[in-house]
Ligand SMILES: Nc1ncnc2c1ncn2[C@@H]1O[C@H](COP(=O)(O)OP(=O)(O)OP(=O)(O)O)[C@@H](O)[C@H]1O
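Have a look below at one chain only, the form predicted alone, in structure tokens format.
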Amino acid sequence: MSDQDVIKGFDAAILRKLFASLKPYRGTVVVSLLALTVSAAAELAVPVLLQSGIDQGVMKSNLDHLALVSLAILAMILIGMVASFFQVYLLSRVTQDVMKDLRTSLFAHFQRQSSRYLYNHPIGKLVSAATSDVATLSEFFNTLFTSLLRDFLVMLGVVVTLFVLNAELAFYTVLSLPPVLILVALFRVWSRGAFRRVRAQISRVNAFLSEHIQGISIVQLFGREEKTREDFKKENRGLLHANLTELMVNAVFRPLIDVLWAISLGFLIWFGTGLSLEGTLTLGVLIAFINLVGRFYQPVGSIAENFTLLQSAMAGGERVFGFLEDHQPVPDTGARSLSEAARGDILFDDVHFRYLPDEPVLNGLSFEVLEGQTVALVGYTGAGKTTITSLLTRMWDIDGGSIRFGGMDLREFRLQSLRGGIQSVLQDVFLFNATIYDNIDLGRGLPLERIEEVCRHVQAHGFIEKLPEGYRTVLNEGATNLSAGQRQLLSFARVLAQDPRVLILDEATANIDTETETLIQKALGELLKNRTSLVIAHRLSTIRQANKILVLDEGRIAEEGTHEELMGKKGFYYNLYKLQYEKKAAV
């Protein structure tokens, strides 16, 4: 979705969704709107009272009436201030509650989606929707909605009050207003075009900065700093020109509004003075008209800012509600627990799967893993090894065939039970910015003794005890205060603390030095007993003791057997093994 696709001046559907989010707080919203109405009415009452003070007080030398009017004007100002305070406070409180609800809904929605959904939506866009786009909607409620509603009430109230004071002068005054409406309509078109160009150019600059800062080491290694600077200057100039165009539109609009206001004022004074000299219009009414027409033009001058906010709100709203309405969850319709499966065997029966429509990954894959067996998956990159583990935990759902555990289809199990009983240790370890204990426990509330026991099994207890606060040591973002090997050991502990029935090791020892790997291999010998396990490894030396090795090629089983059997066949596996050791020898 491009920037221009999402930038809209007005979208009734998005507005309906925005206002629907206010329903839980409609009582507070109603009170806030009543306060807004009182504030606007108090503002319009001032010119009317001013007219009475001049005509009945000043012109007739009635000091008592003038004093009474002065007190009434003061009262209206105070009432307006109090009403405005309550309106702003109540609506701001509601806005914060709505933003909280939207952020919570987005986060919960993202958690329920399948890997396919996350595959199709970059993480940056998801984070942006839950933060900056939601913040844009906050501006809509706090500033734009209130401002537009108040401006509408004031402008409508001005017209009504003009006709109440003097219908004839009001009629001729209103005739001078159409040019303002025409100018606003033209500005809407000009502003939208300028705003689109600015948003598109901002997107280009952000993309350029993100890419080249992330890849700054490549730029430096290849000596491309000068060329990159020139490319950025070009993008930056584009943003400058787009911003200047938007500024020009705003700079032209506001002076034109002032010119139209001066013309209306001149017409009003000329025509009103004539009526006053004829005795058909009092001085107080004329002054009230001048004051009211000024109040009509005042909100028109803020249209530039409000319209930009409206476009941002429409863009942000479309992104937020677009994400919320895009449902791609893994169906969680199963009712069984994984513990109900009497056996721990795994069966892939004619499984088909593809990430993209025309790019199949698995083509009728069939194999069986018996309970308690350790089965290794090997093959070239892209053969489908990691895909098999993702399908087994239903991070993705298959396109055809069936996957069974203990004779039951995976879809018969509740997702939480399935994923709790089939755990993976991945090559790319993700650890949270939390304590080591929390990263292993993950909210299950396990006793520290159990965590320590697991860490001893995976040889992690030793290095954890040496940390400043042991298991309560807080990891940095990305766990940069640990080595790659230590991070991998923690991922082992995290999985084993769950005590799964099936253990998946996906390149689990790739980031561990040889000495640490030797210790882990000893621990795994005990931990894999009576546990069904799948092992993926590019280093073929790590899977020689597997009960069975499955050699994958283009989504199918090319060969299967033990290490010795496959080496004896001198086929696909033999070539892989030989090629790997030839590379080591060459190094």
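Worth saying up front: this structure is predicted, and the values here are computed from it rather than measured. Numbers for residues come from their place in the sequence shown, where the first is 1.
What comes next is about the form predicted together with this ligand, which does not appear here.
Engineer: When this ligand is placed as it is in the model of the complex, which of 272-280, 407-415, 385-393, 429-437 ends up with heavy atoms within 4.5 Å of it?
Structural biologist: This holds for exactly one stretch, 385-393.
Engineer: Please identify the residue among V361, L177, A479, L265 with any heavy atom within 4.5 Å of this ligand in the model of the complex.
Structural biologist: In short, V361.
Engineer: Within 4.5 Å, heavy atoms only, which of T333, S217, T381, Q111 is in contact with this ligand in the model of the complex?
Structural biologist: None of the others qualify; the residue that does is T381.
Engineer: I'd like to check something about F171: if you look in the model of the complex, is any of its heavy atoms closer than or equal to 4.5 Å to a heavy atom of this ligand?
Structural biologist: Answer no; every heavy atom of F171 is more than 4.5 Å from this ligand in the model of the complex.
Engineer: Would you classify Y355 as touching this ligand in the model of the complex, given a 4.5 Å non-hydrogen atom cut-off?
Structural biologist: Yes - in the model of the complex, heavy atoms of Y355 and this ligand come within 4.5 Å of each other.
Engineer: Considering only heavy atoms, tell me if Y89 and this ligand come within 4.5 Å of each other in the model of the complex.
Structural biologist: Contact with this ligand, no.
Engineer: Find out whether any non-hydrogen atom of Y119 is located within 4.5 angstroms of this ligand in the model of the complex, and reply yes or no.
Structural biologist: Result yes; Y119 sits at the interface with this ligand in the model of the complex.
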